[in-house]
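We begin with a single chain expressed as structure tokens, specifically the form predicted alone.
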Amino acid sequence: MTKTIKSTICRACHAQCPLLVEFEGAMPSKVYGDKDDPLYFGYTCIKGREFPAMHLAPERLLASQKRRPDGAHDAIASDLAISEIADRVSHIVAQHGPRSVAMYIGTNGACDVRTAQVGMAWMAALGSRMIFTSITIDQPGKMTAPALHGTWLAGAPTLAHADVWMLIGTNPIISMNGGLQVNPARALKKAKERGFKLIVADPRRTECAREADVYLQCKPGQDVPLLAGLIRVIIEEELYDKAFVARETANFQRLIEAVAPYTAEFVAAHTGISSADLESAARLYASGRRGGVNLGTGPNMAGRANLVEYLGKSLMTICGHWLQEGDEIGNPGVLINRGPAIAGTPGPVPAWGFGMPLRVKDLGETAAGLPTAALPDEILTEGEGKIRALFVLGGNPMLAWPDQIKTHAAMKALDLLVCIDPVMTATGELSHYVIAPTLPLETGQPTIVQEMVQGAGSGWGYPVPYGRWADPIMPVPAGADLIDDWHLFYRIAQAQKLQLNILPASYLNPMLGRDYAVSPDMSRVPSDDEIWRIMLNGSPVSLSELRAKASDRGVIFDRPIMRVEARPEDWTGRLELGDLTMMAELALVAAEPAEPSPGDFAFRLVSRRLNDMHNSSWHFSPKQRRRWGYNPAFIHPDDAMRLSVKTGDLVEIRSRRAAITGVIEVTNDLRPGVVSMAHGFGKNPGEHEDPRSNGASTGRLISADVDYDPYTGIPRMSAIPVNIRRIEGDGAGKG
């Protein structure tokens, strides 16, 4: 049989790694990385190498599904499904107004910008602003902190131009996030060969922690004392950049006073980190001329997400670790228009208290978007403005949202729940319609997603002007009735006689992108080429040039060098080091006892990622399940001995909200008193849940009504107080 090799990009996550796929006839037989790629150098992970197998999975839906009154689903023609959905939406809006229709864009929804942009255009045409995303239940501080602190327009240095880096509660070698670039293990190795220093703080000795020059194994949920303590040492020892602070910041004295209680002794009592290690980390970080700080889901989900990210930005600022006048910008832009590279900040802007308010918990729009954790309340709360229809794009709320119990009630209460998903997920089981889409290797796509994340943290995005176009390499299965995801919203708009105005994805700031928006001819559905031209309208490198130069493999484009410009002399913006809300919150933390009374809850459950699998999706691949097909409950050997459990034993993990059953995995990587589990596993409440097959839903342990952020609404989703007990008579453990 003839063998052919086709080149593409992985779309399992935002990293978009180049893949070479060997085919025997029409079937993919082998997948590996492209070693000749000038940026990735052949890197792939198992999720990418298994990506073509997703297209052939027996669980894949080859037709859309409609829910029967008894809860089961039957296949339905996509044309009929879209027509029925459009009619139901029109009826709901006529009765209850456009606010009654909401959209949720999950993490996978960001991996296909076409669907998100067309979906948001449809919501705008409908008149609804009820668009929620995964940001506010993942890392909301990434958006709120720059608003409070001010955005440095020149940006942060890339890894290649940094001397020192700090990672707190993030593990880029596994997650591909966190500023260590694509192919993160290789990039880190190369950086360390030239003397780069790495500081890692995490309750778990992660893959990144093993490479750290200083590793701080802190207690879960104690990131605020850690960061405040680091800042205090740097200020007290006068290691900060005095000229930058004097020239570019405001209210430094407020910060000095706010961190004063965070002595080395205070920090040691709260975090478990010795005074010597704290001081060593502070001195090492301050010694670098250029550096970065990245905080992950751990600190953002463990309470006080706004404050921890704010302190991270403040740590960079007092050390002057931002690009300065004359510095070269690593990537001036290929598919995304970079903002002005000015050595200055416009200053802080509102992080909340603007836009449209919600009806519950005094929450409303924030710099991170509408609070997703409050969406179930918006569905369940009766009265004017109640959400009655929900469209889910690239997400699985039943396994991803906090407070699974309340989420379950909300999903069941909807008049219309529509999911776009290639398999029947936990959310799909409750949906009135599940729209079966084409999969990525059946469509074309450029490397725009990796460029879009460039502002999310230090060193995020491409460090050079890299771009790539991937043509479809697999056909749509014969006899299947599938649509591209974005067709759903476009064709609903057609049925409703609505005119769409679609913003391009080439501008991160929608205000700037308005001049490049396109109002297409609604009498027909645009071709794939036409929709990508809309998405890339106004991009520095056009779709035609991208296809001509970068269809076979990635290319580093010859873009004009961009250097940081000086700010005008009359510039008034300054980075805010003493935001009053953040300083007040810092004072509250300083008043907290070192050992909060845990009641009956002796453990803290922290979130994590598994190397082989995605949280909440594609759990059925045999190769990806080869180690664990579930989410083990990792604990320290000392805790295992105290609980009289061993690897493989079943345990009850109980919070104030509920209990789940976990499977013990004993490891030396954790602090004692910590249990580490991936979220996004398990089944719906009331369904049979096999912890050794489906795993367990940690979202069931969380209450959205207790210990939640008053602005973004995110509840405590990590560092959750829990108790653990062995389930007697299980007898299934391994030695």
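Nothing here was measured: the structure is a model prediction, and the numbers come from that model. Residue numbers here begin at 1 and follow the sequence given.
The form predicted together with a small molecule is left out here; the points below concern that form.
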> Is there a heavy atom of Ile137 no more than 4.5 Å from a heavy atom of the small molecule in the model of the complex?
Replying inline: yes
>> At 4.5 Å between heavy atoms, is Lys47 in contact with the small molecule in the model of the complex?
In response: yes
> Should Ser287 be classed as touching the small molecule in the model of the complex when contacts are defined as heavy atoms within 4.5 Å?
Replying inline: no
> Any chance Ala517 has a heavy atom within 4.5 Å of the small molecule in the model of the complex?
Replying inline: no
> Can we say Asn108, Ser175 and Asp223 each have a non-hydrogen atom within 4.5 Å of the small molecule in the model of the complex?
Replying inline: yes
>> Within 4.5 Å, heavy atoms only, one stretch in 657-665, 322-330, 99-107, 556-564 touches the small molecule in the model of the complex. Which?
In response: 99-107
> Of Pro376, Pro157, Gly119, Gly394, which residue is found within 4.5 angstroms of the small molecule in the model of the complex when only non-hydrogen atoms are counted?
Replying inline: Gly394
>> Please tell me which of Met582, Leu536, Met613, Ile231 lies within 4.5 Å of the small molecule in the model of the complex, judged by heavy atoms.
In response: Met613
